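Form predicted alone, single chain, as structure tokens, below.
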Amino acid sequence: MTAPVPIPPLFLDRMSRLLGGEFPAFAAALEGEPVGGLRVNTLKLSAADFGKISPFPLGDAIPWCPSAFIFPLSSFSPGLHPYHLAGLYYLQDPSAMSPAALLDPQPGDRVLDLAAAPGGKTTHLAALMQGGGLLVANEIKDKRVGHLAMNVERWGAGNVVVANETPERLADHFGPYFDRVLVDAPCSGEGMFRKDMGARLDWSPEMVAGCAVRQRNILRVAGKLVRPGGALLYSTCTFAPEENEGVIAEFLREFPEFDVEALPLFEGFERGRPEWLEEKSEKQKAKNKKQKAQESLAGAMRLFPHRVSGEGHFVCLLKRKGAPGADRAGDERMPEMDRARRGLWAAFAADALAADFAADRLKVRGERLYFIPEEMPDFGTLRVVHPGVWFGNFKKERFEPAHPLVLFLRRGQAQHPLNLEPGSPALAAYLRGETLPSGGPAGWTLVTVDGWPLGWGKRVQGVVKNHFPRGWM
């Protein structure tokens, strides 16, 4: 067995100075067992209903996220269960559920998740928005955007656009367009020391300083995307004051139109620690503007692993003053289906589906058919991976459904489903990519697990050919 990586001594020294008498409990927590969380997809079922069908025992409900439960990481493998493939839940650190919950988006809002991969906070935002409004999930790194898209697809939300852009290009295009913006900033990862040995290896004081510079630059651009009257939530999974209160203090000096909004105190939450910021000079200390900004930082929130069931986190909500101005984005002009394609889609839907979809939200992009959000702005030349739910492709004289359509469907929305039971040989065979014997009408059939949509099959002469995506097996 590989020996555990020690926690960096310089980090421990700093936290000992900052925490004082609390430090022994904090240090002990970092050497303890990490805590997991399971968040139910309330777009598909309630937390109470999931509790009735859960194949594994669930812990206490998480106070700041009523749709989630504490989950023991070492006891089970919930990521391998078919309910997970069907998008019934997301596995996430309980502390990481606080940013979306505290941003509190509403149905009909325009929301931007600026650094969204792998998608935990995006899926949480989508559930809170009940699938309404517009949610742009952006990821700048090409290597991570695919994982984000997969998690968004599995969630089955109809209001998400997945983008692959720089914050600067988004700000230049949209301007102050969004009601709420979430910046879960790249950080030094100190809050993950309990569960991630790589974070311990990578840490250094220089890394903390470099992260703070990058965070200030990201937040500076994010502020330009928030409409007057809107909200900007900044979060990290680190304890370093330079990356938390320090970044916010610098932002407030540059953007006086923003104020810190005091967040609610759930059990175990702590207020921000403006006193942890070092004063650079007596002259700066005397500036009333700076003093006022630092005092307001107490409205932010800190989560420590010795106080809550979760890892380390920092959250700060900023409100922009003023009334909303004119929109700059304009309306999306994606083409609608032509007559031939409408016929192909209608024929497929009549044979395979038991659901209706708003015709004005069915749009074409190349050979693909998408179900777009109810409020869809013009993205211009921005890189958009998916402008909504990918329903399928138009082939020569036929429509071929895509896997995201499966996960967007709800129970009972298919004409001839093939239902498989958890733990059955047939389900195991399907998830391995094998064909299944099955009587019934020829054509596309929805394969379900306990009635929950799981994947496509195509029935030909009593055999269902497997169309479950290889990358998901």
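Please read all numbers here as calculations on a predicted model, not as lab measurements. Each residue number is its position in the shown sequence, starting from 1.
The form predicted together with a small molecule exists for this protein as well; it is not shown, and the discussion that follows is about that form.
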Could you work out which of Ala116, Leu88, Leu303, Leu233 is the residue within 4.5 angstroms of the small molecule in the predicted bound form, going by heavy atoms? Ala116
Contact with the small molecule in the predicted bound form, heavy atom within 4.5 Å, among Gly246, Gly133, Pro82, Pro167 goes to Pro167
Only one of 214-222, 270-278, 247-255, 320-328 gets a heavy atom within 4.5 Å of the small molecule in the predicted bound form; which is it? 214-222
Check whether Glu311 has any heavy atom within 4.5 Å of a heavy atom of the small molecule in the predicted bound form, and answer yes or no. no
If we define contact as a non-hydrogen atom of the residue within 4.5 angstroms of the partner, is Asp109 a contact of the small molecule in the predicted bound form? no
So, Ile140 and the small molecule: in the predicted bound form, are they within 4.5 Å at any heavy atom pair? yes
State yes or no: in the predicted bound form, is some non-hydrogen atom of Arg180 no more than 4.5 angstroms from a non-hydrogen atom of the small molecule? no
